[in-house]
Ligand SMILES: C[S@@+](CC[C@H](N)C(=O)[O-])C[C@H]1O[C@@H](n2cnc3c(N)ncnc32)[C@H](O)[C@@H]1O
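Have a look below at one chain only, the form predicted on its own, in structure tokens format.
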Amino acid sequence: MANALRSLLGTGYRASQRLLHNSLGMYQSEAQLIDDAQRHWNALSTQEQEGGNAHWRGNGVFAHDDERWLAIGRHNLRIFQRLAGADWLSQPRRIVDWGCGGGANAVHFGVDAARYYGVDITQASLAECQRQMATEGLRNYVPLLFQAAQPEHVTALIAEPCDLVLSTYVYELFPSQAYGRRVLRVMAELLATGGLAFVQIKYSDLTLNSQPYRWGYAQNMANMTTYRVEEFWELAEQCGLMPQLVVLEPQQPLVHDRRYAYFLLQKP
């Protein structure tokens, strides 16, 4: 009973905080949020936090459930194949995994890739992704490190046009919608003509808790940035990526979360 009461009080306090920040516009600056994001994820490198939030195998919700870790990448792959076609990845492709984390996507999407670029803001995740790729006998992995404040620098790290840029469970962690726009533009620049982007976002349904948080990065990171579905569709168009299809996932049991949208975008 006591635990339930504490949980209820905590939920009420967080909701009150949320309402206050939204009503008064008490948001942190873009620069502060970017700095907080970089500091938070750098803690992986100093072992101050576990890698569960970066989807490391054997960490967090995957600590005692290896099948669950494998399932999350398979799930993303199935949605991509549903949108792009089951045979699209059968040809050798140059793939960019934006926010590769611990390699949950890489071990599935990278099997037949000509090159698989893992892009991340923390060296620890790049190394963990490489370890998982090596475990699967894959030698096509290229780790690329950039600083959160400079996503545009990635275009200088990849010298060839790519066929696919994918990003899942990452856009919600971005400091702001404006930052997401910057990354979409980089994706468009990285892609060859006709190339695809497969991007998952957390969508807003206009309820209070589904709005972008824009404060308290470490405690709110899983809801830091959200978009309405039509809002992200139009944003992609503005950034030079034409939306083809979208799949909505109101509930996601593998990560105990909700309101995900998977977009298939194409560079015309």
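One-based numbering along the sequence shown. Every value quoted in this text rests on a predicted model; they were computed, and no experiment measured them.
Only in words, not in the display: the form predicted in complex with the ligand, which the text now covers.
Engineer: If we define contact as a non-hydrogen atom of the residue within 4.5 angstroms of the partner, is residue 170 a contact of the ligand in the model of the complex?
Structural biologist: It does: once the ligand is placed as it appears in the model of the complex, residue 170 has a heavy atom within 4.5 Å of it.
Engineer: How about residue 223 - does it come within 4.5 Å of the ligand in the model of the complex, if we only consider non-hydrogen atoms?
Structural biologist: Close contact is absent here: in the model of the complex, residue 223 is far from the ligand, nothing within 4.5 Å, heavy atoms only.
Engineer: Give a yes/no on whether residue 214 approaches the ligand to within 4.5 Å in the model of the complex, heavy atoms considered.
Structural biologist: Because no heavy atom of residue 214 falls inside 4.5 Å of the ligand in the model of the complex, the answer is no.
Engineer: Wondering, does residue 165 line up within 4.5 Å of the ligand in the model of the complex on heavy atoms?
Structural biologist: Contact with the ligand, no.
Engineer: Thinking of the ligand in the model of the complex, which stretch from 225-233, 202-210, 53-61, 238-246 has heavy atoms inside 4.5 Å of it?
Structural biologist: Checking each option against the 4.5 Å cut-off leaves 53-61.
Engineer: Please state whether all three residues 110, 117 and 190 have a non-hydrogen atom within 4.5 angstroms of the ligand in the model of the complex.
Structural biologist: Checked in the model of the complex: no contact with the ligand for any of the three.
Engineer: Would you mind picking the one in 140, 177, 130, 122 that has a heavy atom within 4.5 Å of the ligand in the model of the complex?
Structural biologist: None of the others qualify; the residue that does is 122.
Engineer: Taking the ligand as it sits in the model of the complex, which residues of 131-153 have a non-hydrogen atom within 4.5 Å of it? Please list them.
Structural biologist: Counting only heavy atoms within 4.5 Å of the ligand in the model of the complex, the single contacting residue of 131-153 is 146.
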